[in-house]
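Just the one chain here, laid out as structure tokens, in the form predicted alone.
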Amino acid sequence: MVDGQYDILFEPLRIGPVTAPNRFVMMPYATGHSHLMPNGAIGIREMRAEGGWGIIGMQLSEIDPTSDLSGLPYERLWDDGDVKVHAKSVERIHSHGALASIELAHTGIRSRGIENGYPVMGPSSLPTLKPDMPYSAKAMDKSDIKRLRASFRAAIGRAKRAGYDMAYVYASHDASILWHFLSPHYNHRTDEYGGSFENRLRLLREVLEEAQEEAAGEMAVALRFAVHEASGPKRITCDGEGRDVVEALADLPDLWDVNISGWSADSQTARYARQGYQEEFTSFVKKVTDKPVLGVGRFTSPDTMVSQIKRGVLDMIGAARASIADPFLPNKIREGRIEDIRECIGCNVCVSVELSGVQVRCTQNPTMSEEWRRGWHPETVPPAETAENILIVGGGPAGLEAALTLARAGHEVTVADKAAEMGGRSLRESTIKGLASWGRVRDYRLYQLQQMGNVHLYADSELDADAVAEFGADHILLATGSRWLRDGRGRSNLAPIQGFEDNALTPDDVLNGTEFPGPVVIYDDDHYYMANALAVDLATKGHEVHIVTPMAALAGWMGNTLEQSRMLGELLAASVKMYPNATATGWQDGALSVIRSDTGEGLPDIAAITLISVTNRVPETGLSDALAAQGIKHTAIGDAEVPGTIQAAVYSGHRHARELLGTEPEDRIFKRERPTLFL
């Protein structure tokens, strides 16, 4: 690193009445912890403050009961009863020298209208923005608007009493009543709050002005605004009304936090977008306003961050996913430890589990969401009482994570892998088109292990049971991975499919370099990225590709990672032929026989030369079985214990290492959030 190369990232920045200590902002992303889980949420934010993020954002916080995100894990700042918990969060953030911000919002027609019994509120009478729910929004009258403005002002006051340094007025992601009033797609009014641009802007302007009045120079007011919509019939764009909003309100907020909308566009994965991808839409903002500008773009490289600031694109670097992957990213940059950064791989596992209603997980950082309830720290591990000799067989995601955790505790760790290079599935899958970032899972861990004197790495070293026994380790962990089935047994079908076992290839065969002729038909009963990623990869290499799934739509889980629609477009662009709702019944003489999944009606055969079965995986148990036969105690981890995502494998490796260290409760009951009982 060149001396002073990253100094600009650590320059303080004045934002209205407060000063940020540096240019790093942990964005107000959803942590998976609702207002009912304050301790876990505080643990997440405090850890990022300790790691050097200059501003720590509290996630979307509803301002009153008419903003109803029932069933989703968000925060509330309804009344003074909520202030105490928020104040504790602010206190923990301040203890590490960071500023605390809060994103105040009313979600308008994104609300549910179920839990609290109040109607969903909107600028016009419209269905709610969840098409599968039979609810509609009430067209707000003048009294509703007056009450809404009062709610925003009151929430600003409560945020100030809680000690926040900055309060956000939220108008982004198609999830804000202020955005809904601004958008001509939703606002069909004919009064002073509808019609012309100035009228549709009126409510946002009023809320901002009243927020500044209530903040009274004691707290900064930020505006989070989407300057560009990626899609929609009446889009707000960066060269249209998105720019008009910034020009009209240029000096009103103390900070402009700008992005693109909707969420799937704002949080694009590495498969579909490079880091800094929002620059083309947001770079105009600093030319329009003299106020500081904050932006996002899945930043992973400090060089890219510096470039954005020096070129006048942004003043501050915002991150959600990067702060999840490495809470200590700012400190590592400040200390010149760039190689130690645990880079976000842009897989959106964090997004997928939040949408499933559980605490946020991360492929790169297994300690995410475990800061409070398990006491896991992302950078340190409690030292072992006695250094022991640990043998880990398998250098994939689970094996490398377990090795790193145990080595940090002071154990002597040996990792043996039969492959010529370590990395397991993270290395092999990174060779698929669009998935190169998967390799960072290996790269980070392997680099760390290579710096440690108590770690011994042996690639191209296949061990049998006798060799393991001869090693004489105190503890043996098997991270031998899993294999894809070729007989057709998958997630929707638990029985073999006729003709598959003797004819089908699997992703293992493809990634191991097996050559095969086209046309190719891929049968997807896995429903995540593997089948469609292989389809695009093979089509790009010149194969005619057909992809078949028994589900109503391809890769249902990718809806949770915000990639499904983008993936379908990629398949279309690659001329991959898609067959949803088609269950395979057999393979014979170069044809896949299929029926409709819903009715069982026969469908035309799909002709191809090569069949690839992407259905399910089972653990590799050969070495485990042989060790068990000799009575040698061992523990299977990662995919060798139970196949899952790469995130699950990394987490398994970390958890098993912590259990071996004796820091986990034997009954497996960790600290829990408990409701208060009012009698």
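Numbering starts at 1 and follows the sequence shown. Computed from a predicted structure; not experimentally measured.
If you look for the form predicted together with a small molecule, you will not find it shown, but the lines that follow are about it.
- At the 4.5 Å threshold, heavy atoms of Arg425 reach the small molecule in the predicted complex.
- Heavy atoms of Ile56 never reach within 4.5 Å of the small molecule in the predicted complex, leaving it off the interface.
- When the small molecule is considered in the predicted complex, Lys418 lines it closely, a heavy atom lying within 4.5 Å.
- Within 4.5 Å of some heavy atom of the small molecule in the predicted complex lies at least one heavy atom of Asp639.
- Checking Pro507, Gly295, Gly481, Pro123 against the small molecule in the predicted complex, a heavy atom within 4.5 Å turns up for just one residue: Gly481.
- None of Ala398, Val258, Ile102, Ile177 but one reaches within 4.5 angstroms of the small molecule in the predicted complex through a heavy atom, and that residue is Ala398.
- For the small molecule in the predicted complex, the listed stretch (509 to 517, 304 to 312, 588 to 596, 386 to 394) containing residues with heavy atoms inside 4.5 Å is 386 to 394.
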